[in-house]
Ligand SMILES: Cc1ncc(C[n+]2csc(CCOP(=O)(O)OP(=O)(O)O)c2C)c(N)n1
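Taking the form predicted on its own, here's one chain by itself in structure tokens.
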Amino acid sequence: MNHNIQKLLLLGDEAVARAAMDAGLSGMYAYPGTPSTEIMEYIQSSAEATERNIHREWSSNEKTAMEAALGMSYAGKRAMVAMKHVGLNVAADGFINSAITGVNGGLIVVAADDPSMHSSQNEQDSRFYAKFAFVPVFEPATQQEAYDMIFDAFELSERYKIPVLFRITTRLAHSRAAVELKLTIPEKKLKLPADQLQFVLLPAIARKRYRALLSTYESLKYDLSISKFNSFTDGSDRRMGVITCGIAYNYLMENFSDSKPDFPVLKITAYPFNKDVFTEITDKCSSVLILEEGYPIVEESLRGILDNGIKIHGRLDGMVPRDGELNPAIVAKALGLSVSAGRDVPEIVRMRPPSFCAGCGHSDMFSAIIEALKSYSPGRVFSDIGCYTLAALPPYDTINSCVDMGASITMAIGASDAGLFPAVAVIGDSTFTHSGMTGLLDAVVKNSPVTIIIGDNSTTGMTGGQKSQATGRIENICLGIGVSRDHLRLITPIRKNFEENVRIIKEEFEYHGVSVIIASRECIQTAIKRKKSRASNELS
């Protein structure tokens, strides 16, 4: 179909989603995770996606999303899976092996990295996974590039029968720009793989496919779909050239808004690259500065392939900070340019620590937990990733761990194995179905003396209230896994139930076996939205 609107003002996430739909997407798979969440939400809210019946339901976690997308690809249709960078850890098994199985329909894996950890527990660089798996990477510098590259990524994926990693970062994902649209490509028809053993990774088959993958990866370095996005611009001052990767190009150019750099610039936004891509800049300059968001991956690669004694600067030698995201001031300082100092923040403007929303059920849940713990020494509450992690801060100061999705239950099991009693795990409903269920199974099989408190607010609250796979299912899941009915307790965390909730929690703390307490109360934010929506519908 033709678009009536030729340009749209889009977030980077939305540009990726819009491009995928326009490029013939049949299936979108994801688990909510900032800064990637809006990709799925854009497609879910699209009337066109509804009309075309594009699959667009949330998955239980990133691993199931990755594998479902691979299944869509197996059937010959174009699929995309999106997650934040730490979600790629969860999906890594399927992602790494999908490079060896190869794909049938085009498959794009979007990883939204979070330099400076704005909403994450680390700032890992997803390009590392692509290098590890031997798959190509697209790393757009702008929303327009993000849109355009999706088309090339699908075509490249199908031409080489390989998944493609599409790396964006927080600043690109959550900033807006005008994006010019292309004509929509029809969806692919159902078509199973010609080789019925392509996806069977028995060792004898996997060895052959791995050798083929290595050969394919070398060929990718010369493909126009990769090389056309890497560009060189010469300059007269050749004392130091600059190599930028992805959005780092923007940080460089913001220092030259009224002019252009007078030194050579190599812009890299697609990988793998042939070492010849560096020839012009390294032959002309006595040193190079490498600007890349995340790990010094290109910097390390360049150090490994150059043998001409050129000086290489970047994150490894300290010219650019080793941690945190880049910005125009950091780039200016590295270039020896003057850095304008901002005005001091007035005293009246002060940082406020994050806190639970007014009326949040987690607040009442933790008030009861704190009271029930008063007779025990501190340091025995293992938590997880969600809104409830805020209980690590004042005035609660209650939880003692937050490592990765699902780790609350398994860490409590390990601590109980070491002799800690009671060992308490606090986990949210969506996190429980994401990766807590297997930990609960371990606890049941071992009959670990742990108390697991599931904060059920019937949504994935931390990322904006997306649908939770756990809603209406937690009690039956726990019973099915093997939790005793006598030690599966249900509470409603509201103030009038405080004394009763404390009593129940204390009883389960003293039980020498597996106990689960489900604290159910709808997220206050989704409740407000639901009431507003109902009122609006009644008025209309």
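This is a predicted model, so every value here is computed, not measured. Don't overthink the numbering: it's just position in the shown sequence, from 1.
From this point on, the text means the form predicted in complex with this ligand, which you will not see here.
- Residues placing heavy atoms within 4.5 Å of this ligand in the model of the complex fall in a single listed stretch, namely 85-93, out of 248-256, 85-93, 164-172, 412-420.
- Residue in contact with this ligand in the model of the complex (any heavy atom within 4.5 Å), chosen from Asp113, Glu139, Glu293, Asp429: Asp429.
- Contact with this ligand in the model of the complex, judged by any heavy atom within 4.5 Å, is made by just one of Ser383, Ser126, Asn457, Thr451: Asn457.
- When this ligand is considered in the model of the complex, Tyr29 lies well away from it, no heavy atom lying within 4.5 Å.
- A residue is said to contact a partner when one of its heavy atoms sits within 4.5 Å of a partner heavy atom; Gln121 meets this definition for this ligand in the model of the complex.
- At the 4.5 Å threshold, heavy atoms of Met462 reach this ligand in the model of the complex.
- This ligand in the model of the complex is not approached by Ala391, whose heavy atoms all lie more than 4.5 angstroms from it.
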